[in-house]
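Taking the form predicted on its own, here's one chain by itself in structure tokens.
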Amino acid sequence: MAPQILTLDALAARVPDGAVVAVPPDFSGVALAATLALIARGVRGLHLVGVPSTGFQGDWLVGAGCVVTIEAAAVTIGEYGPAPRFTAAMKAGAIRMIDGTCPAIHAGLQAAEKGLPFMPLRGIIGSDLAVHRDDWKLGANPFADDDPILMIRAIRPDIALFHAAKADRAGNVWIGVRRELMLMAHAARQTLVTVEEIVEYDLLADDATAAGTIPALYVTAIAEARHGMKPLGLRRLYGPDDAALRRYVEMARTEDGFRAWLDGGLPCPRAAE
């Protein structure tokens, strides 16, 4: 069955309350226009999985009261400083953080991608993180003596949500070099994608685009959202709006400031221009 081509609001409506939603880091394909649609709808109880981290998107959703749990290697907005609403929520005990690492998040998704219950990993053994994650199990390598292996539980998101440069009418989505988006699509039960444009040619028919294209088989629905990653930047198409990002961080230091930012017009279009 070919992926549906939906409006932005209809795409956001496919994310139910309480869903486990995989999202990429700020330097990848963050679906910010769809995030605003989720906030406007008032989605609640989300479990976010950062692949392997989240930033502005996670902070927006936390500030709007949409999130109860974040599983990630980090919640960071890099050069702009700490994520203000995430930091406030953690201090208030309003959300739960499940600490991971970049390799562990990827390993969990790879297990789900392959239909396995877990994926073995070594590098975390001996750390406090391995001790405090009761859903990770230390076991023995069955092919060698005295060789412990940490088994990372599969991470099977309900939804993979991301933004990409383009899709075709068949539902194939071009992501270029952003391979974490491919992993998310393989691992999740549903994949919802916003794109800058829907093109009329077959992305899989051209070797120049085929290698960086997620086949429609792994895509559930698509919505066109021009500049749908603003105020972040999308690789080779447009850069970040530094002034808007800094304004957000300044305003979001307080709850009242965040609400004023929400009410004052968000620096990201909600639909195709």
Partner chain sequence: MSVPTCQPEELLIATVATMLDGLGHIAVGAASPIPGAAALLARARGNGRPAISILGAVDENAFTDGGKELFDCAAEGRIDAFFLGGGQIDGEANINLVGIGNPRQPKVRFPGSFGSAYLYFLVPRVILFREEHSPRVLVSRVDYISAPGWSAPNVYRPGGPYALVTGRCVFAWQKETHRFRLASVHPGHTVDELRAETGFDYDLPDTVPATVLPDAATLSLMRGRVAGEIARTYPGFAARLWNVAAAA
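Residue numbers count along the first chain shown, from 1. Since this is a predicted model, take the numbers as computed values, not measurements.
Keep in mind that the form predicted together with its partner chain is missing from the display, and what follows is about it.
- Proximity of T213 to its partner chain in the predicted bound form: non-hydrogen atoms within 4.5 Å are present.
- Using a 4.5 Å cutoff between non-hydrogen atoms, R247 does not count as a contact of its partner chain in the predicted bound form.
- Although the partner is absent from this view, V199 stays clear of its partner chain in the predicted bound form, with no non-hydrogen atom inside 4.5 angstroms.
- At a distance threshold of 4.5 angstroms between non-hydrogen atoms, R41 is out of contact with its partner chain in the predicted bound form.
- Three-residue candidate spot P103, Q110 and R236; every residue lies within 4.5 angstroms of its partner chain in the predicted bound form by at least one non-hydrogen atom.
- Residues G115, L121, R122, G123, I124, I125, G126, S127, D128, L129 are the members of 115-129 with a non-hydrogen atom no more than 4.5 angstroms from its partner chain in the predicted bound form.
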